[in-house]
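This document opens with one chain alone, in structure tokens, the form predicted on its own.
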Amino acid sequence: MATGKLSGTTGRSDRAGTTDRRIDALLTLLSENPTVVISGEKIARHIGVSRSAVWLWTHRLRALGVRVKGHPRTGYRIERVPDVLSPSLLRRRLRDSPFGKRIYHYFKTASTNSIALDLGHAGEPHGAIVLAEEQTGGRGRAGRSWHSEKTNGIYMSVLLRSQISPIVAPVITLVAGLAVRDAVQEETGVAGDLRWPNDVLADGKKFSGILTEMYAKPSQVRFVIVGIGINVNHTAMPAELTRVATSLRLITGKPVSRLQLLVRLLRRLDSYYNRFLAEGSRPILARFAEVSTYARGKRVRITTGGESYVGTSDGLEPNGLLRVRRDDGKTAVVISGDVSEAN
């Protein structure tokens, strides 16, 4: 099991399907010693199994796509350090962060947001994160699907708890977008553009999307789930997406460490979220307007429900909603819908 909540010696996870702690421990041990042949006896002690069971656990790791080489009579060595988002490695890098304490990791699941919503209703504390190496039913806004290629992207949901008003909850989506943009720029040098409310673009193509879901009473938010998807090491996009989507590897021409990017992202998210709680929405809106070409002065098409209109973006409301000066002379406040650059 690879969560922040272990279940003793059974190795069973407290969420069905989460990565077994022994797989996580074995992966971490081999990854941190990539040039060393590690004896079966040491592996057995480290992951808490019998010496005779070590072969079984290395076989299970191979079945997950990790290349482990066995050396007769000496032990095991990892052939190539995999870019797996190991909970143990994350916790070590996030010791002082609320996002390093409760980590639910899946090699394959339907939707991290669905799991995180269940965790929120079950009372899971602030800062719990759900990670997947692959999603089979990743969700975007308005019920769209999110292309979640195995081990090439970051597919994550974060549980946030705070006593904020539902009125300002839309600002959390902007908080997440800023965190993604800053983390990507720090790790790769790519300065993304933020398309209100939830997309991060490069050269007009989307490489990251955010899905925020809230559970609230009329006057107070109980919890918010922030789902973040980032196309990191995809070497090609599906034919139907090549015009509108890209990945960091396609942009930079080189592989990007998902682990390092995720650590930066979680640290940035923690920083922006705490600033939002302490200072309100104003500094978040100011920063968003500074780095987004869509916040003000952009010719945009707004499509919402059965209505579509063209206008010019005219800044953000205090609650994070977008103002648009329509071509018919009216001013609209966009609550939801699709925003695209108008021709």
Partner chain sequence: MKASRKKKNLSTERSIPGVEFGQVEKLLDFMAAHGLEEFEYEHRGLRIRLKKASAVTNAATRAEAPPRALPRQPPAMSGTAPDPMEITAASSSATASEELHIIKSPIVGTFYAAASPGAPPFVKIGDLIQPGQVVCIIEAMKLMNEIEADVSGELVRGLVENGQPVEYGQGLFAIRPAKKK
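Residue numbers count along the first chain shown, from 1. Just so we're clear, the structure is a prediction, and the values are computed from it rather than from any experiment.
As for the form predicted in complex with the partner chain, it is not shown, yet the points below apply to it.
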Should residue 150 be classed as touching the partner chain in the predicted complex when contacts are defined as heavy atoms within 4.5 Å? no
Can residue 87 be called a contact residue for the partner chain in the predicted complex at 4.5 Å between heavy atoms? no
Against the partner chain in the predicted complex, would residue 213 count as a contact residue? Criterion: heavy atoms within 4.5 Å. yes
Does the partner chain get within 4.5 angstroms of any non-hydrogen atom of residue 325 in the predicted complex? no
Contact with the partner chain in the predicted complex, heavy atom within 4.5 Å, among 82, 170, 192, 120 goes to 170
Within 4.5 Å of the partner chain in the predicted complex, all of 196, 309 and 321 (non-hydrogen atom): yes
Given the stretches 95-103, 217-225, 253-261, 124-132, which is the single one in contact with the partner chain in the predicted complex, using a heavy atom cutoff of 4.5 Å? 217-225
Within 4.5 Å of the partner chain in the predicted complex: residues from 262-281 (heavy atom criterion): none
